[in-house]
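This document starts with one chain, in the form predicted alone, laid out as structure tokens.
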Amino acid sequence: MSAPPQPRLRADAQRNRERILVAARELLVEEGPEFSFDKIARRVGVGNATLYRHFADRRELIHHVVLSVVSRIADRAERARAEEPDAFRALSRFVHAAADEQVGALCPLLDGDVDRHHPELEDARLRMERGIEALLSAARNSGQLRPDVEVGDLMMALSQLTRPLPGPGCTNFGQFIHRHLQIFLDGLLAPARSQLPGRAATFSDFRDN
């Protein structure tokens, strides 16, 4: 079942809503789910009343931040596949674009701050999963992707490499993400130079844990 459509906002109200989501996402990455509404309002340059007109409480705002990120990741997967004629280049483009969403920093929110089964989020998640699977399948069929790599290997690397390191001394780790992702991507190329131990994670593993 899909969620009922939201009423269309005026252009200025829509811009404010999008700016609030961007600022909230930034603060979630920087501070975690205990961010301050006051900080969001200051960062966007609006009053607290504007925030509460769009989002009734912290839980609703976090829901829409996660929904926005998942939807953009799905968009990036679909766009990379449509615009890149080379299948592995499309996969690489998607991986670097998805890293910019800092999905690893937002993963902890799924442990309790978000209703994973909300229809809006389910729809966006399924579209994201289909888009990523299609990229991997195309790269595998082209002979460029080693055949033992699965979607869980990709998502695990994205999650881990985009998760902030603990401690106040590691705030600039983000400048190294794309370098490390490229090392990871080079390891996905066929022919494989090793045998991978164990099994790959699945989307179900990510949802159930």
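Take the two forms, superpose them, and find the largest set of C-alpha atoms that agree within 1.5 Å; that set is the rigid core. Keep in mind that this is a model prediction, so the values were computed, not measured. Numbering starts at 1 and runs along the sequence shown.
Absent from the display: the form predicted together with the DNA. The rest refers to it.
The chain is drawn here without the DNA; in the predicted bound form, the stretch among 32-40, 61-69, 175-183, 154-162 whose residues come within 4.5 Å of it by any heavy atom is 32-40. Under a 4.5 angstroms non-hydrogen atom cutoff, the DNA in the predicted bound form has N48 among its neighbouring residues. At a distance threshold of 4.5 angstroms between non-hydrogen atoms, R15 is in contact with the DNA in the predicted bound form. By the criterion of a heavy atom within 4.5 Å, L196 is excluded from the residues contacting the DNA in the predicted bound form. Within this chain, R146 is remote from the site of the DNA in the predicted bound form, having no heavy atom within 4.5 Å. The partner is not shown here, and in the predicted bound form the stretch 135-162 never reaches within 4.5 angstroms of the DNA through any heavy atom. For H180, the Cα coordinates differ by under 2 angstroms between the shown form and the other one after the core has been superposed.
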